[in-house]
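Quick setup: one chain, the form predicted on its own, written in structure tokens, and binding and motion questions come after.
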Amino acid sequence: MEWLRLSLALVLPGALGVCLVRAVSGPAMRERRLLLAGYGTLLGLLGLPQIMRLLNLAGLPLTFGGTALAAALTGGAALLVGGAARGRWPTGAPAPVTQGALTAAQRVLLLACGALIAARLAGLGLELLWRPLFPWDATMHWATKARVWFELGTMAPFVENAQWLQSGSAGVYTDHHPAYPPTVPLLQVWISLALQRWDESLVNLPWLVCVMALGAAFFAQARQAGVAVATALAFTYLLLSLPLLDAHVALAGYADLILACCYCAAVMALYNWCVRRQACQAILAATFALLCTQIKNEGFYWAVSLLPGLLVMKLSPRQLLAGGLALAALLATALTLLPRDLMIAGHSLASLRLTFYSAAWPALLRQLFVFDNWHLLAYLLLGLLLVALPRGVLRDRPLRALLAALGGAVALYLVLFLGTKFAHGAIHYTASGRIALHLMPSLTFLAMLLFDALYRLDQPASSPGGSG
């Protein structure tokens, strides 16, 4: 009976998400089933905790049955409302694929690649099941809230240490980051409610489900962008075999993997909206950008990083230059005039201790180009950019928009670890890798698009009627 409840707890968020995505998606989408499965599962994993928060605000206890009923009603309502409105939205058509029919040898290679992905995910699942809750941040920042909320059946408040001492601990709790968003702990609460007990390993199953959903969403969006099957599957394998990403599944409990999946979902949807202007992609991009802010404080800045991409799509180069200069002047003015104690996404100017930390630069280079956290992804992406620039690949405006968005995110990452107190996290290799994980799936998507564009330039004009 326990495994039945656990299976339901893993399936129900995906079913909720599929209902929500299906309500806004159109039929003219390549790999629509995979898109529904990938994005639906991600949206369900992130949306179910928001339902639990609403139930708690309404004064209702956190229970498995009550949450499941609310999720079912939400999914049903989404299908009814979306079904009535979807027919009036423009859906566009999927991008054309010029690749011819696959040979027998290519099909064998694709099957082998798929089998390797499945074997890797299975191995990660066993690692997760065999190991109790272990990582530092998982036990100090996230599972503290999950265990308390599960045992009490309500979202008891968490406060700073000093405030907890002054309160006499009556009805309030504390941990290292009491102000972090509650989405990740509520996922663990959800699994515990299904089991009716706290299990150090099984509460981390959403991390495995999350990375599986990322793989499905990545492949589906690659195909929606017109990338050939072989290229899409090869880069999906590259993504799912990144060592540090896999470590965050096997050593589950951190929020970084979930934020990485959420941000990548927003980036991929933004790019395909730029290409095809499908309403579904715009809604998905906006939804996942908003959800980034509900996972970690850094999610606010990653959501903001999407704005340069929108500006590239809407403004001329001259307008972009003028806007960039105005933005730089505005930023300089804000840094000068804003109160030093003004909190934005959990940080203030005073707490950041803005200055240049020169010792962090070589540490970042080693983390990206020497250590094996990302295999050779940094070399691949840098090489593709150097080849793409002189060949005019970036004349494509949607690709420039994607590069602007991710360039903004990388710039924020560099500012964080070169210009603030968090440089110590780079110097001692304690945080720079985890934060880089937030961007790596999206950078893999960019690398795939650059590779595909360069590959097409070197191919002779193909005859019509080729299959994808």
Partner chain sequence: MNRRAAVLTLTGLSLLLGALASVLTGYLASGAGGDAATAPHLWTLRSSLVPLGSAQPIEGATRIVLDNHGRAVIALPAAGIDPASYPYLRVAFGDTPAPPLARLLVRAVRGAAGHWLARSEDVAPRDTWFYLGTAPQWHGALARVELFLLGAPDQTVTIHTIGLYPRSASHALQSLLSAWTSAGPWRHSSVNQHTGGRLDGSLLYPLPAAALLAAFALAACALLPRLFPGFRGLRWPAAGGIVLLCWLLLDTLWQWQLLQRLHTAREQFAGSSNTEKLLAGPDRELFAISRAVKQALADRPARVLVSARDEYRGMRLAYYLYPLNVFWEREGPPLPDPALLRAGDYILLLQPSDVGFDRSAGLLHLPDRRTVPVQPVLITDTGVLVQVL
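This one's a predicted model, so the numbers in the text were calculated from it and none came from an experiment. Numbering follows the first chain given and starts at 1.
Not pictured, yet referred to below: the form predicted in complex with its partner chain.
Colleague: Please determine whether Phe218 contacts its partner chain in the predicted complex, using a 4.5 Å cut-off between heavy atoms.
Modeller: The answer is no: Phe218 has no heavy atom within 4.5 Å of its partner chain.
Colleague: Lys314: heavy atom within 4.5 Å of its partner chain in the predicted complex?
Modeller: So Lys314 does not count as contacting its partner chain.
Colleague: Is there any non-hydrogen atom of Arg434 lying within 4.5 Å of its partner chain in the predicted complex?
Modeller: Although its partner chain is absent here, Arg434 would touch it in the predicted complex, with heavy atoms inside 4.5 Å.
Colleague: Against its partner chain in the predicted complex, would Phe356 count as a contact residue? Criterion: heavy atoms within 4.5 Å.
Modeller: Close contact is absent here: in the predicted complex, Phe356 is far from its partner chain, nothing within 4.5 Å, heavy atoms only.
Colleague: Name the stretch: of 179 to 187, 69 to 77, 133 to 141, 300 to 308, exactly one has residues whose heavy atoms fall within 4.5 Å of its partner chain in the predicted complex.
Modeller: Stretch 133 to 141 is the one.
Colleague: Can you pick out, from Ala105, Ala326, Leu111, Leu389, the residue that has a heavy atom within 4.5 Å of its partner chain in the predicted complex?
Modeller: Selected option: Ala105.
Colleague: From the list Ala322, Val81, Leu129, Ala286, which entry has a heavy atom within 4.5 Å of its partner chain in the predicted complex?
Modeller: It is Leu129.
Colleague: Taking its partner chain in the predicted complex, which residues of 372 to 392 have any heavy atom within 4.5 Å of it?
Modeller: In sequence order, Asp372, Asn373, Trp374, His375, Leu376, Leu377, Tyr379, Leu380, Leu384, Val387, Arg391 come within 4.5 Å of the partner.
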